[in-house]
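Presented below, as C-alpha coordinates, is a lone chain in the form predicted alone.
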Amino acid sequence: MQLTDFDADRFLRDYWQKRPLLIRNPWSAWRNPLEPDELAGLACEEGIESRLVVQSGDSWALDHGPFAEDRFATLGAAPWTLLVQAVDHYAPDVAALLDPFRFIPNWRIDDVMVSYASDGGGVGPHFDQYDVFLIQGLGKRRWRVGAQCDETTPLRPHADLRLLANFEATDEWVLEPGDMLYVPPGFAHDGVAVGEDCMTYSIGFRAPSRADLLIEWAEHLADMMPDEDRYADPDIKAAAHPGEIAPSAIDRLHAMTIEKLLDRDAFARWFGQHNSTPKYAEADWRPEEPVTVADLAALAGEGAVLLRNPASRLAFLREADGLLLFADGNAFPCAGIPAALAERICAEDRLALDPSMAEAMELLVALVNQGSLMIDDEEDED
(Lines give C-alpha, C1' and ligand atoms only; values in the text may rest on other atoms or scores of the structure.)
Protein backbone atom coordinates (compact mmCIF):
# COMPACT_ATOMS: atom_id res chain seq x y z
CA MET A 1 0.00 0.00 0.00
CA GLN A 2 1.22 3.45 -0.88
CA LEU A 3 0.23 6.97 0.10
CA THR A 4 -1.27 8.70 -2.96
CA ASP A 5 -2.82 11.82 -1.48
CA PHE A 6 -0.02 12.94 0.83
CA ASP A 7 2.61 15.67 0.35
CA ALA A 8 5.60 14.62 2.50
CA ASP A 9 7.47 17.92 2.03
CA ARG A 10 4.45 19.98 3.04
CA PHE A 11 3.80 17.70 5.99
CA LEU A 12 7.37 18.07 7.27
CA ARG A 13 7.29 21.83 6.80
CA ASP A 14 3.91 22.55 8.36
CA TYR A 15 3.10 19.73 10.78
CA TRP A 16 6.04 17.54 11.83
CA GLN A 17 6.65 18.21 15.55
CA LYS A 18 4.46 21.30 15.28
CA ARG A 19 0.74 20.38 15.34
CA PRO A 20 -1.59 17.41 14.86
CA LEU A 21 -2.98 16.57 11.44
CA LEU A 22 -6.00 14.51 10.36
CA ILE A 23 -5.46 12.77 7.02
CA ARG A 24 -8.54 11.20 5.49
CA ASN A 25 -7.76 7.88 3.74
CA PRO A 26 -4.66 8.83 1.72
CA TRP A 27 -4.04 5.25 0.51
CA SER A 28 -4.32 4.00 -3.05
CA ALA A 29 -6.47 1.12 -1.74
CA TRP A 30 -6.63 0.55 2.00
CA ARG A 31 -6.68 -3.05 3.22
CA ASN A 32 -6.51 -4.03 6.89
CA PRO A 33 -3.20 -5.97 7.09
CA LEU A 34 -3.95 -8.12 10.16
CA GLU A 35 -7.01 -9.96 11.45
CA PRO A 36 -8.09 -9.55 15.10
CA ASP A 37 -7.58 -13.27 15.77
CA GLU A 38 -4.00 -13.02 14.50
CA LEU A 39 -3.31 -10.14 16.88
CA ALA A 40 -4.80 -12.11 19.79
CA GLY A 41 -2.59 -15.05 18.85
CA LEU A 42 0.54 -12.89 19.01
CA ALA A 43 -0.50 -11.65 22.46
CA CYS A 44 -0.48 -15.26 23.69
CA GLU A 45 3.12 -15.92 22.62
CA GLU A 46 6.17 -15.77 24.88
CA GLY A 47 8.67 -13.07 23.98
CA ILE A 48 6.10 -10.73 22.41
CA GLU A 49 5.32 -7.59 24.40
CA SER A 50 1.57 -7.19 24.95
CA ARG A 51 -0.74 -5.36 27.33
CA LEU A 52 -4.43 -5.49 28.19
CA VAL A 53 -6.21 -2.39 29.47
CA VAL A 54 -9.67 -2.88 31.00
CA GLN A 55 -11.84 0.09 31.89
CA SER A 56 -14.23 0.12 34.82
CA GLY A 57 -16.10 3.37 35.18
CA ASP A 58 -13.48 6.11 35.38
CA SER A 59 -10.56 3.82 36.16
CA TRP A 60 -8.24 1.65 34.07
CA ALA A 61 -6.48 -1.59 34.99
CA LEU A 62 -3.37 -2.82 33.16
CA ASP A 63 -2.21 -6.42 32.74
CA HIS A 64 0.84 -7.69 30.85
CA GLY A 65 1.01 -10.71 28.52
CA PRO A 66 1.52 -13.33 27.39
CA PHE A 67 -2.14 -14.18 27.89
CA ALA A 68 -3.97 -17.48 28.07
CA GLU A 69 -5.92 -18.26 24.90
CA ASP A 70 -9.28 -18.02 26.70
CA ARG A 71 -8.50 -14.69 28.39
CA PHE A 72 -10.35 -12.51 25.91
CA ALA A 73 -13.52 -14.57 26.13
CA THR A 74 -13.75 -13.86 29.88
CA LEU A 75 -13.57 -10.05 29.74
CA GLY A 76 -17.33 -9.49 29.78
CA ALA A 77 -19.00 -6.24 28.82
CA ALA A 78 -16.40 -3.84 30.27
CA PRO A 79 -14.58 -1.83 27.57
CA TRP A 80 -11.10 -3.22 26.96
CA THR A 81 -8.09 -2.72 24.71
CA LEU A 82 -5.37 -5.14 23.68
CA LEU A 83 -2.04 -3.62 22.64
CA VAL A 84 0.75 -5.61 20.99
CA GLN A 85 4.16 -4.04 20.42
CA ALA A 86 6.43 -4.48 17.37
CA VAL A 87 3.89 -6.43 15.33
CA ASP A 88 5.88 -5.49 12.23
CA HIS A 89 8.57 -7.94 13.42
CA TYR A 90 6.20 -10.86 12.95
CA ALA A 91 3.67 -9.85 10.26
CA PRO A 92 5.11 -8.86 6.84
CA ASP A 93 1.92 -7.02 5.81
CA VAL A 94 2.15 -4.88 8.95
CA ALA A 95 5.86 -4.25 8.32
CA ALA A 96 4.90 -2.97 4.86
CA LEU A 97 3.02 -0.10 6.55
CA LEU A 98 6.41 1.46 7.33
CA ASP A 99 7.46 1.79 3.70
CA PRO A 100 5.42 4.93 2.90
CA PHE A 101 7.00 6.68 5.90
CA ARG A 102 10.64 6.21 4.82
CA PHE A 103 10.85 9.95 4.21
CA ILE A 104 11.73 9.90 7.90
CA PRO A 105 15.21 8.31 8.36
CA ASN A 106 15.32 4.66 9.39
CA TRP A 107 17.11 5.40 12.63
CA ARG A 108 14.11 7.41 13.86
CA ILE A 109 11.53 4.67 13.21
CA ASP A 110 10.66 2.53 16.23
CA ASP A 111 7.96 -0.04 15.43
CA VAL A 112 4.30 -0.63 14.67
CA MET A 113 2.12 -1.20 17.72
CA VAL A 114 -1.33 -2.65 16.98
CA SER A 115 -4.35 -2.29 19.23
CA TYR A 116 -7.74 -3.95 19.24
CA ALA A 117 -10.57 -2.48 21.30
CA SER A 118 -14.11 -3.44 22.16
CA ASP A 119 -16.87 -0.81 22.00
CA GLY A 120 -15.85 2.11 24.24
CA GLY A 121 -12.35 0.71 24.77
CA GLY A 122 -9.29 2.93 25.07
CA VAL A 123 -6.25 3.56 27.22
CA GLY A 124 -7.37 6.93 28.61
CA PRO A 125 -6.20 10.49 27.89
CA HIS A 126 -2.40 10.70 27.80
CA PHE A 127 0.56 12.17 25.96
CA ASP A 128 3.66 10.58 24.46
CA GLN A 129 7.25 11.77 24.13
CA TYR A 130 7.47 10.76 20.47
CA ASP A 131 5.79 11.35 17.11
CA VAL A 132 3.11 8.87 16.11
CA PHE A 133 0.90 8.16 13.10
CA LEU A 134 -2.36 6.50 14.19
CA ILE A 135 -3.84 4.55 11.28
CA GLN A 136 -7.36 3.22 11.59
CA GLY A 137 -7.29 -0.32 10.27
CA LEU A 138 -10.71 -1.73 11.09
CA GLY A 139 -13.86 -0.29 12.63
CA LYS A 140 -14.09 3.25 13.97
CA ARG A 141 -12.33 5.23 16.70
CA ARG A 142 -13.12 8.68 18.06
CA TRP A 143 -9.95 10.67 18.66
CA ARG A 144 -9.84 13.80 20.76
CA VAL A 145 -6.72 15.94 20.78
CA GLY A 146 -5.86 18.57 23.39
CA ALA A 147 -3.13 20.99 24.34
CA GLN A 148 0.59 20.31 24.52
CA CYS A 149 1.80 18.85 27.81
CA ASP A 150 5.12 18.65 29.64
CA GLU A 151 6.63 17.27 32.86
CA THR A 152 4.56 19.71 34.93
CA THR A 153 1.22 18.49 33.55
CA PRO A 154 -0.81 16.84 36.37
CA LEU A 155 -1.31 13.07 36.08
CA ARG A 156 -3.71 10.72 37.78
CA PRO A 157 -2.32 8.60 40.61
CA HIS A 158 -1.93 5.32 38.68
CA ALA A 159 0.89 2.83 39.19
CA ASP A 160 1.09 1.68 35.57
CA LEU A 161 -0.54 4.23 33.25
CA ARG A 162 0.41 7.88 32.77
CA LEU A 163 -3.12 9.29 32.47
CA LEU A 164 -3.89 12.99 32.43
CA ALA A 165 -5.68 14.33 35.48
CA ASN A 166 -7.44 16.98 33.38
CA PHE A 167 -8.11 16.67 29.68
CA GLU A 168 -9.87 19.22 27.52
CA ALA A 169 -10.20 18.46 23.80
CA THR A 170 -9.51 21.16 21.23
CA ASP A 171 -10.30 18.92 18.23
CA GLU A 172 -12.32 15.76 17.75
CA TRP A 173 -12.73 13.35 14.82
CA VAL A 174 -14.10 9.87 14.13
CA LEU A 175 -11.62 7.87 12.07
CA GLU A 176 -12.76 5.16 9.68
CA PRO A 177 -10.65 2.46 7.96
CA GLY A 178 -7.69 4.03 6.15
CA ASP A 179 -7.93 7.37 7.95
CA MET A 180 -4.79 8.56 9.74
CA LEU A 181 -4.03 10.98 12.58
CA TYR A 182 -0.56 12.41 13.18
CA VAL A 183 0.17 13.48 16.78
CA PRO A 184 3.43 15.30 17.59
CA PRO A 185 5.31 14.72 20.87
CA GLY A 186 3.65 16.11 23.98
CA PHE A 187 0.14 16.65 22.60
CA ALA A 188 -2.66 15.22 24.76
CA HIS A 189 -4.86 12.70 22.96
CA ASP A 190 -7.54 10.13 23.75
CA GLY A 191 -8.90 7.43 21.45
CA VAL A 192 -12.13 5.52 22.12
CA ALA A 193 -13.51 2.69 19.99
CA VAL A 194 -16.88 3.38 18.36
CA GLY A 195 -18.47 -0.04 17.95
CA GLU A 196 -16.82 -3.45 17.95
CA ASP A 197 -13.73 -4.70 16.10
CA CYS A 198 -11.72 -1.49 16.31
CA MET A 199 -8.10 -1.92 15.20
CA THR A 200 -5.51 0.87 15.16
CA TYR A 201 -1.91 0.75 13.88
CA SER A 202 0.46 3.11 15.69
CA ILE A 203 3.68 3.95 13.88
CA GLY A 204 5.98 5.38 16.53
CA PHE A 205 9.29 7.20 16.15
CA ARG A 206 12.27 7.12 18.48
CA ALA A 207 13.57 10.29 20.11
CA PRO A 208 16.49 9.65 22.49
CA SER A 209 16.54 11.93 25.52
CA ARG A 210 19.54 14.12 26.25
CA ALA A 211 19.92 12.40 29.63
CA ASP A 212 19.95 8.91 28.07
CA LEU A 213 22.49 9.94 25.43
CA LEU A 214 24.81 11.45 28.03
CA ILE A 215 24.58 8.46 30.35
CA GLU A 216 24.98 5.78 27.68
CA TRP A 217 27.75 7.59 25.75
CA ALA A 218 29.66 8.23 28.98
CA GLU A 219 29.20 4.62 30.12
CA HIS A 220 30.54 3.39 26.78
CA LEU A 221 33.59 5.63 27.09
CA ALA A 222 34.19 4.58 30.70
CA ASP A 223 34.10 0.92 29.70
CA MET A 224 36.77 1.59 27.07
CA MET A 225 39.20 3.39 29.39
CA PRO A 226 41.99 1.58 31.25
CA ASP A 227 42.09 1.86 35.03
CA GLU A 228 45.57 3.39 34.70
CA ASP A 229 44.13 6.47 32.97
CA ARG A 230 44.18 8.67 36.09
CA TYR A 231 44.71 12.22 37.20
CA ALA A 232 48.34 13.31 37.24
CA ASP A 233 50.04 16.55 38.23
CA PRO A 234 53.80 16.21 37.76
CA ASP A 235 54.16 20.01 37.73
CA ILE A 236 52.33 20.59 41.03
CA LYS A 237 53.46 23.55 43.18
CA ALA A 238 53.40 23.84 46.93
CA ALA A 239 49.83 24.50 48.08
CA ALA A 240 49.07 28.00 49.40
CA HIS A 241 46.28 26.48 51.52
CA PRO A 242 45.75 22.74 52.12
CA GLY A 243 41.98 23.02 51.81
CA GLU A 244 41.88 24.71 48.39
CA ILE A 245 41.16 22.91 45.12
CA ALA A 246 43.35 24.97 42.82
CA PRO A 247 41.95 26.34 39.53
CA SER A 248 44.71 24.48 37.66
CA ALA A 249 43.49 21.20 39.18
CA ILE A 250 39.90 21.93 38.15
CA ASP A 251 41.10 22.74 34.61
CA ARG A 252 42.95 19.45 34.39
CA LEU A 253 40.07 17.42 35.87
CA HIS A 254 37.56 19.10 33.58
CA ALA A 255 39.72 18.40 30.53
CA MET A 256 39.98 14.74 31.58
CA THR A 257 36.18 14.57 31.73
CA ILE A 258 35.24 16.22 28.45
CA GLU A 259 38.14 15.32 26.13
CA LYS A 260 36.71 11.97 25.05
CA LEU A 261 33.12 13.21 25.17
CA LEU A 262 33.93 15.74 22.45
CA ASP A 263 35.27 13.18 19.94
CA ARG A 264 32.56 13.56 17.28
CA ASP A 265 33.77 10.72 15.05
CA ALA A 266 33.89 8.28 17.95
CA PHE A 267 30.42 9.43 19.03
CA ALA A 268 29.05 8.88 15.52
CA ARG A 269 30.40 5.34 15.39
CA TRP A 270 29.08 4.59 18.88
CA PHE A 271 25.65 6.05 18.13
CA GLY A 272 25.29 4.05 14.94
CA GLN A 273 25.92 0.80 16.79
CA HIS A 274 23.92 1.84 19.84
CA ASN A 275 20.93 3.04 17.83
CA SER A 276 20.87 -0.06 15.62
CA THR A 277 20.76 -2.47 18.56
CA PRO A 278 17.55 -4.51 18.14
CA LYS A 279 14.51 -3.43 20.13
CA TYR A 280 14.37 -6.91 21.66
CA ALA A 281 18.01 -7.92 21.90
CA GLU A 282 17.16 -11.33 23.36
CA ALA A 283 15.39 -12.43 20.17
CA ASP A 284 17.55 -14.80 18.13
CA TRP A 285 16.96 -14.53 14.37
CA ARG A 286 20.12 -16.39 13.28
CA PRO A 287 19.74 -19.28 10.82
CA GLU A 288 19.84 -22.81 12.21
CA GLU A 289 22.94 -23.52 10.14
CA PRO A 290 25.44 -20.74 9.29
CA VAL A 291 25.91 -20.04 5.60
CA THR A 292 29.22 -19.65 3.80
CA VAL A 293 30.42 -17.51 0.93
CA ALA A 294 30.24 -20.60 -1.27
CA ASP A 295 26.62 -21.15 -0.23
CA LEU A 296 25.59 -17.61 -1.18
CA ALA A 297 27.63 -17.69 -4.39
CA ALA A 298 25.74 -20.83 -5.43
CA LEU A 299 22.41 -19.19 -4.55
CA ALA A 300 23.43 -16.11 -6.54
CA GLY A 301 23.85 -18.32 -9.58
CA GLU A 302 20.26 -19.47 -9.08
CA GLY A 303 18.90 -15.92 -8.72
CA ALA A 304 17.90 -16.42 -5.08
CA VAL A 305 16.52 -13.54 -3.00
CA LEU A 306 17.54 -12.21 0.41
CA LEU A 307 14.88 -10.61 2.60
CA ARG A 308 15.56 -7.91 5.15
CA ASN A 309 14.50 -9.05 8.61
CA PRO A 310 11.68 -6.67 9.68
CA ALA A 311 13.02 -6.82 13.24
CA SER A 312 16.48 -5.61 12.16
CA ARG A 313 17.68 -2.05 12.46
CA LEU A 314 19.89 -0.84 9.62
CA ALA A 315 21.55 2.52 8.99
CA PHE A 316 24.85 3.88 7.70
CA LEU A 317 27.32 6.76 7.99
CA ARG A 318 29.13 8.07 4.93
CA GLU A 319 32.92 8.11 5.20
CA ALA A 320 35.69 9.42 2.94
CA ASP A 321 36.33 6.00 1.37
CA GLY A 322 32.82 4.53 1.49
CA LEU A 323 30.42 4.07 4.34
CA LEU A 324 30.02 2.37 7.70
CA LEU A 325 26.99 0.08 7.78
CA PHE A 326 25.30 -0.50 11.12
CA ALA A 327 23.19 -3.64 11.42
CA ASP A 328 21.70 -4.82 14.69
CA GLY A 329 24.44 -3.30 16.84
CA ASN A 330 27.38 -4.27 14.63
CA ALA A 331 29.46 -2.07 12.31
CA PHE A 332 30.68 -3.07 8.84
CA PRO A 333 33.12 -0.81 6.91
CA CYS A 334 32.13 -0.86 3.23
CA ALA A 335 33.72 0.51 0.07
CA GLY A 336 33.04 0.05 -3.62
CA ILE A 337 30.44 -2.57 -4.50
CA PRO A 338 29.75 -3.49 -0.83
CA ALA A 339 29.05 0.20 -0.06
CA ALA A 340 26.51 0.49 -2.89
CA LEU A 341 24.92 -2.76 -1.78
CA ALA A 342 24.77 -1.57 1.85
CA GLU A 343 22.74 1.46 0.74
CA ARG A 344 20.31 -0.83 -1.06
CA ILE A 345 19.98 -3.09 1.97
CA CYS A 346 19.01 -0.09 4.09
CA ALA A 347 16.40 1.07 1.59
CA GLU A 348 14.91 -2.15 0.16
CA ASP A 349 13.28 -5.15 1.80
CA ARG A 350 14.31 -7.59 -0.97
CA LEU A 351 17.68 -8.14 -2.57
CA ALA A 352 18.03 -10.42 -5.60
CA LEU A 353 21.42 -12.15 -5.45
CA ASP A 354 23.59 -11.87 -8.53
CA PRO A 355 27.06 -13.22 -9.39
CA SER A 356 28.23 -9.62 -9.86
CA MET A 357 27.95 -9.23 -6.08
CA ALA A 358 30.98 -11.50 -5.50
CA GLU A 359 32.96 -8.67 -3.90
CA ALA A 360 30.19 -8.17 -1.32
CA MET A 361 29.56 -11.83 -0.47
CA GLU A 362 31.46 -11.68 2.84
CA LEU A 363 29.27 -8.77 3.96
CA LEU A 364 26.09 -10.58 2.92
CA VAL A 365 27.20 -13.77 4.69
CA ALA A 366 27.82 -11.84 7.90
CA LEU A 367 24.39 -10.20 7.70
CA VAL A 368 22.64 -13.52 7.03
CA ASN A 369 24.48 -15.30 9.84
CA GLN A 370 23.54 -12.64 12.39
CA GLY A 371 19.89 -12.69 11.25
CA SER A 372 19.73 -9.23 9.65
CA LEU A 373 19.03 -10.79 6.25
CA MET A 374 17.19 -14.03 5.56
CA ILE A 375 17.26 -16.34 2.56
CA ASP A 376 13.85 -16.44 0.88
CA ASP A 377 13.13 -20.15 0.76
CA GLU A 378 9.70 -19.79 -0.86
CA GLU A 379 9.58 -21.02 -4.42
CA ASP A 380 9.00 -18.43 -7.09
CA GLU A 381 5.35 -18.69 -8.08
CA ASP A 382 6.21 -17.63 -11.59
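As the structure is a prediction and not an experimental result, all values here were calculated from the model. Quick note: we count residues from 1 along the sequence shown, nothing fancier.
What comes next is about the form predicted in complex with a small molecule, which does not appear here.
In the model of the complex, residue 126 approaches the small molecule with a heavy atom inside 4.5 Å. Residue contact with the small molecule in the model of the complex: residue 309 places no heavy atom within 4.5 Å of it. For residue 189, a non-hydrogen atom is located within 4.5 Å of the small molecule in the model of the complex, even though that partner is not displayed. At the 4.5 Å threshold, heavy atoms of residue 95 stay clear of the small molecule in the model of the complex, well away from it. Only one of 85, 202, 118, 276 lies close to the small molecule in the model of the complex, with a heavy atom inside 4.5 Å, and it is 202. Scanning 143, 271, 72, 182 against the small molecule in the model of the complex with a 4.5 Å heavy atom cut-off leaves one residue, 143. Contact annotation: the small molecule lies within 4.5 Å of heavy atoms from the stretch 118-126 in the model of the complex, the single such stretch among 231-239, 276-284, 118-126, 211-219.
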